[in-house]
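Have a look below at one chain only, the form predicted alone, in structure tokens format.
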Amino acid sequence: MAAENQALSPGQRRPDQVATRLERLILDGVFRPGQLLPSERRLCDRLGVSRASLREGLRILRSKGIIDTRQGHGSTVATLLPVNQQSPLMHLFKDHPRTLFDLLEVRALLEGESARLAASRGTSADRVLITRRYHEMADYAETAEPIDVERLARFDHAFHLAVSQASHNPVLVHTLQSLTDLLLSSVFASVKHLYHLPVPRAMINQQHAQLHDAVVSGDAEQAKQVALEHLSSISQLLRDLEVEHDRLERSSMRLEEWQ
């Protein structure tokens, strides 16, 4: 919460400056969609502004749809991206599994760079969160019996999201968050189809460990390389499974009576 501690200078205490400061905190992920903002008193103390300026700044954010305020319940950060009202394109992506490989390519482009940036820009607080998310995922994968595929997929996604947040690039972070449902579908597919196989499972676990170690140690190029190899190898394994499935299907059809 270091960003929150930076008080505005006396010349920056106009309501529009207060609103800009709060917008920056939201962009940086200090305050996240659905999160209740601190009390007015705490915000005034942290930002070094008067209550009147803060209230006017909050009014500006409400007018932009960035926060929602309920009488007696305070203000929360609004949902910045559509969740339930998905575009027709998103439905097409979700309903046609072959787009999975296109999605994995996009993930490689975005997550490879986010891993590199996280290793070079991440703070000690970022590294603590990345390590926490990594151990939540790794501990569950090691101890759960049987493994709940959806739950493991969410742990996996949370780990990769923590890495992206440490990039300190708000556009990159919010782009990835806007694809949450699609990203979860790709993680779910890899866990569902690969994690029950000993060799892919060991590979995925090792790559996650390598990614964690590279990011928290600040090795930017290694972090990027591991992230790219992780997604590339998953894509190739899923393609191999698809080819094998097609072969089995053709063989089965040849055995059936068609007349």
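Predicted, not measured: the structure shown is a model, and the values here were computed from it. Between two forms, the rigid core is the largest collection of C-alphas that superpose within 1.5 Å. Position 1 is the first residue in the sequence shown; the rest follow in order.
Heads up, the form predicted together with the DNA isn't pictured, but that's what we're talking about next.
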Notebook entry, point to check: Quick one: of T69, N205, Q35, S233, which gets a non-hydrogen atom within 4.5 angstroms of the DNA in the predicted complex?
Noted result: T69
Note to self: Just checking whether E40 would be counted as a contact of the DNA in the predicted complex - the rule being heavy atoms within 4.5 angstroms.
What the structure shows: yes
Next item on the list: May I ask you to state whether V49 is within 4.5 Å of the DNA in the predicted complex, using heavy atom distances?
Entry: yes
Item checked: Close approach of R55 to the DNA in the predicted complex, 4.5 Å, heavy atom -> yes
Note to self: How about S164 - does it come within 4.5 Å of the DNA in the predicted complex, if we only consider non-hydrogen atoms?
What the structure shows: no
Notebook entry, point to check: For the chain shown here without its partner, which stretch in 71-79, 128-136, 172-180, 151-159 has non-hydrogen atoms within 4.5 angstroms of the DNA in the predicted complex?
Noted result: 71-79
Check: Would the C-alpha of Q71 be classed as shifted by 2 Å or more between the shown form and the other one after rigid-core alignment?
Finding: yes
Margin query: Does S53 shift between the shown form and the other one by 2 angstroms or more at the C-alpha, the core having been superposed?
Written below: yes
